[in-house]
Ligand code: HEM
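Only one chain is included here, represented as structure tokens and corresponding to the form predicted alone.
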Amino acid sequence: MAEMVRKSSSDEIINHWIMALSCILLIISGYGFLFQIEGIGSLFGGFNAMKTVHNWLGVVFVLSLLYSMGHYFKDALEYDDDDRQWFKVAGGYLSHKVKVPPMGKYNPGQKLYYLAILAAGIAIALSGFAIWLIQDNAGLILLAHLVHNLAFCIFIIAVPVHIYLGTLANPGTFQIMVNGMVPLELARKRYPKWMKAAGKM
């Protein structure tokens, strides 16, 4: 049996799934609101019920998002020459002939994805709370709807790409968000700088 190494802690995994599931349900219900799709509304028991579910799922999502900062925020702000070279070769996704530089625990694409989701998540949360809780300021509500919809566009593009890259595009990655473990040899290949720092190279 292959030797395994832990990449994600139990609370990180649990929080990831809380954030992921709440985000997906928010996207589905938000899409239903945006285009007034009766079929989606009926899944939640009607538009009024869906509005209540959507609002409180927003609370769950933003709390989960803020909690995730303890897991990823520091790493997401740190970049070095290898990260810059990773961008130049697009992480090797566009060609298998290029040499991908050694990576740490997270590659720069993952770091930027997290920062984008964090920024869009805060924007969609603040605008969503304004729409929910402030009823007597037409100008603010109009601005809140604009921000909410723009942030929503980021989510409907970024989340499917993230799911694809975390499953089909990188076999073995999904396992990390199930049990937090990755085969040691795979970790040495994908995250050599992290493994070196951990004394496992």
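In case it trips you up, residue 1 is the first one in the sequence shown, and so on. Quantities reported herein were computed from a predicted structural model and do not represent experimental measurements.
Form predicted together with this ligand: not shown, discussed below.
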item	value
Segment that reaches this ligand in the model of the complex - one of 151 to 159, 128 to 136, 33 to 41, 49 to 57, heavy atoms within 4.5 Å	151 to 159
In the model of the complex, the residue from Ile13, Ala20, Met181, Leu186 that sits within 4.5 Å of this ligand by heavy atoms	Ala20
Contacting member of Ile141, Ile28, Leu63, Ile176, with respect to this ligand in the model of the complex [4.5 Å, heavy atom]	Ile176
Ile117: touches this ligand in the model of the complex, heavy atom cutoff 4.5 angstroms	yes
4.5 Å heavy atom contact, Trp86 and this ligand in the model of the complex	no
This ligand contact in the model of the complex: Val147, any heavy atom under 4.5 Å	no
Residues in 181 to 198 with any heavy atom within 4.5 Å of this ligand in the model of the complex	Tyr191
